[in-house]
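Form predicted alone, single chain, as structure tokens, below.
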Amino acid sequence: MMPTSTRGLLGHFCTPDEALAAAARVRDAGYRHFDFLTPFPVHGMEEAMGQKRSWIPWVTGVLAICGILFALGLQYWAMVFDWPLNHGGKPFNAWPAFIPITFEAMVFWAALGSAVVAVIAGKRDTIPQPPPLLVETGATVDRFVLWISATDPRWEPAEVEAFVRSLGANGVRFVDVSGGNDA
């Protein structure tokens, strides 16, 4: 029996291979608002779920180049134009001396900028997740948990439950708004 205020449906699998096969079947069945909670990264899960490659590495690369340009530009300006010092006849633009600061600026800009962008981009997640700490899934220990949200366009409680059971999932249950479960 489904609760009246359902958030979604959970079902768990015991092996990564079962989870990968289930993810591909859920994707092929046309469900879009689903996720897998796993105790460790499963190679190939993104492809099985139909997820696209992330654009965040491109942002990291652009930010790293910006960090390099900023550090080189600042050091060049300071050493050549603002406060040129003659160090034993060496050129003002001695780029080998700029390498350590340039490297640090590159890492700083790429890391900090990517973290900010990832946090902002993560707020766009439109798939409601199971209520944290209220539903014991076992996903952090030894289970691979399939979550199908009630916001999915194909959501029909009886059909979703029958479909997830047909995948071979154990412990199939509905999750309501308060975090309790039905079964």
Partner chain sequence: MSHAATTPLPPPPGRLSLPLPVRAVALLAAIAGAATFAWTLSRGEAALAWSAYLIGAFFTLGLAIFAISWLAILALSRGTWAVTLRRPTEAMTTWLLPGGLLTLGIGFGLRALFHWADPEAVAADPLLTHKSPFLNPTLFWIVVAGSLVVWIAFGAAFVRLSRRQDREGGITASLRTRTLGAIFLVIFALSFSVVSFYLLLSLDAHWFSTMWAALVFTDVAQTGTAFLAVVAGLLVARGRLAGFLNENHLHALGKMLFAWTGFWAYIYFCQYLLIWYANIPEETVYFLRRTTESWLPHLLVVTLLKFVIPFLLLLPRAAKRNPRILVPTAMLLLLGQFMELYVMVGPALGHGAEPAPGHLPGVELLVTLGFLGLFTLVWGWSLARHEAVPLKEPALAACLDYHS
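Residue numbers count along the first chain shown, from 1. Everything quoted here is computed from the prediction, not taken from an experiment.
Just so you know, the form predicted in complex with its partner chain exists too; it's not on screen, but the next bit is about it.
*Asks:* In the model of the complex, does Pro157 have a heavy atom within 4.5 Å of its partner chain?
*Replies:* No, no contact at 4.5 Å.
*Asks:* Please run the contact check for Leu20 against its partner chain in the model of the complex: heavy atoms, 4.5 angstroms, yes or no?
*Replies:* Taking the distances in the model of the complex, the answer for Leu20 is yes, it comes within 4.5 Å of its partner chain.
*Asks:* Does any part of Leu69 reach within 4.5 Å of its partner chain in the model of the complex? Heavy atoms only, please.
*Replies:* It does not: once its partner chain is placed as it appears in the model of the complex, Leu69 has no heavy atom within 4.5 Å of it.
*Asks:* Flag Val42 as yes or no: does it have a non-hydrogen atom within 4.5 angstroms of any non-hydrogen atom of its partner chain in the model of the complex?
*Replies:* Contact check for Val42: yes, within 4.5 Å of its partner chain in the model of the complex.
*Asks:* Note that its partner chain is not shown here; using its position in the model of the complex, name the residues of 72-104 with a heavy atom within 4.5 Å of it, in sequence order.
*Replies:* Contacting residues: Lys90, Ala94, Trp95, Pro96, Ala97, Ile99, Pro100.
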